[in-house]
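As a starting point, one isolated chain is supplied in structure tokens, in the form predicted on its own.
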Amino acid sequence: MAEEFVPVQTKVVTKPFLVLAALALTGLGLIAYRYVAGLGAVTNLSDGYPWGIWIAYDVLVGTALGCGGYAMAILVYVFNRWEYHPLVRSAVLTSVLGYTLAAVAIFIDIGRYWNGYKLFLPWQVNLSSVLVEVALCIGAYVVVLWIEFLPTLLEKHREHPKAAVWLRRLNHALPVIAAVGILLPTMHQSSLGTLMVIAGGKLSPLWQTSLLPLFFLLSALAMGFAVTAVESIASSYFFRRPYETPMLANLARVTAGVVAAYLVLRLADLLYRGAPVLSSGWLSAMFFLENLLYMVPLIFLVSPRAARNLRVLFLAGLALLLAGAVYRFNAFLVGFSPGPGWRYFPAMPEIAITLGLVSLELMAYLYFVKRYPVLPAQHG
């Protein structure tokens, strides 16, 4: 029997929503100023560090946080685990919002944004560029995600004849949509790792490896499963809905398998290359922090009893999200050294714009779950 989804019947505009709106408006105002005054007026970016927090968080971490839909699609449509299907719709929503704002952030970060349209003209770009492949895949995936989310929007108006027709068409096209929606993130999440492979000796050997594409893909999968669990528990708590404990406990085992595979391969790679794990100063400290954030939740996720404790699941999920974020910051910013004389720390406007985009994403999530059938209906 098909699952039933319903909107959360509460007010959209609340005190937390207004706080988020204030942060979002501040960020949007600074974005407008960035386009008037240029990147130099609001950032500490330089020739040595052309990528800062906007790329490291908004794109690298933001797209990984948006991999909930990707991870759940693999589980449901590839491995035929349909018992997890109730989690797919909310996971797709987080993916839609995460990837859409990541795409927006790219155009905030581009210096000559007025040339951005050339990305879609094959004769104007280097088709051998990894960066072009990443940009095209992210752009295409944003479109695919909105198509995947379209049935949720149409269901609210299913009494309308055209909405019913399009719902049938989208359901018939679901296998193709799901296949493309799995292919595109697989390509660009791995290619994000490739971007730092070509950095060569500028990236610390603690992170520089030819296996970076695989590590970025596995870390994105782990973050996708983790954000699905965190979102499910948080929405159940704040909207006073029943918890999906049995499903999340089973999902914990899947997540543990991905994290374990990542850690085993990461350790094997470090040993094979003889990386200076203990002798890299503060980079060693960041390395151990990153991997500790992976290992501690793994210990709890492999325990059946702990996996049924919602508080443990929630904290483990948050730790894995932080682990993935630290790993990506380490691989793109912390462990990267362009040469002597270059320094980078984000300016306050960079941080404020990032907070504004995150706030905008949370506001959009609250709006959609309260106005559209995103979450499973409560029974009993």
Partner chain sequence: MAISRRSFLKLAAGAGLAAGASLAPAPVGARPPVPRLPEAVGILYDATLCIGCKACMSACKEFNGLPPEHTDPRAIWDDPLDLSAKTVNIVKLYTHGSGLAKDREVDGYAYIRRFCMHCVDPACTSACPVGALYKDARTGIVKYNPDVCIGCRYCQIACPYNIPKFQWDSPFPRIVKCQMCDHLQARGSFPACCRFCPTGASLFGEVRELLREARRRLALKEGEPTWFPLRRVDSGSHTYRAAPAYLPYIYGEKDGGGTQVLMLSSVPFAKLGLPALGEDSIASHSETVYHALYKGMLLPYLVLSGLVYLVYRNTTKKDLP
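Positions refer to the first chain, counted from 1. Keep in mind that this is a model prediction, so the values were computed, not measured.
The following text describes the form predicted in complex with the partner chain, which does not appear among the structures shown.
Quick check on residue 200: any heavy atom within 4.5 Å of the partner chain in the model of the complex? Yes - in the model of the complex, heavy atoms of residue 200 and the partner chain come within 4.5 Å of each other.
4.5 angstroms heavy atom contact with the partner chain in the model of the complex for residue 194: Residue-level check for residue 194: yes, a contact with the partner chain.
Check whether residue 277 has any heavy atom within 4.5 Å of a heavy atom of the partner chain in the model of the complex, and answer yes or no. Judged by the heavy-atom cut-off of 4.5 Å, residue 277 is well away from the partner chain in the model of the complex.
If we define contact as a non-hydrogen atom of the residue within 4.5 angstroms of the partner, is residue 45 a contact of the partner chain in the model of the complex? Residue-level check for residue 45: yes, a contact with the partner chain.
Which residue, 304, 246, 242, 111, has a heavy atom that falls within 4.5 Å of the partner chain in the model of the complex? Among 304, 246, 242, 111, a heavy atom within 4.5 Å of the partner chain in the model of the complex occurs only for 111.
Out of 101, 211, 283, 233, which one falls within 4.5 Å of the partner chain in the model of the complex, going by heavy atoms? For this set of options, the contacting one is 211.
Is it true that 312, 319 and 377, all three, sit within 4.5 Å of the partner chain in the model of the complex, judged by heavy atoms? No: no residue has a heavy atom within 4.5 Å of the partner.
To test your reading of this chain, name the stretch in 255-263, 138-146, 304-312, 119-127 whose heavy atoms come within 4.5 Å of the partner chain in the model of the complex. That would be stretch 119-127.
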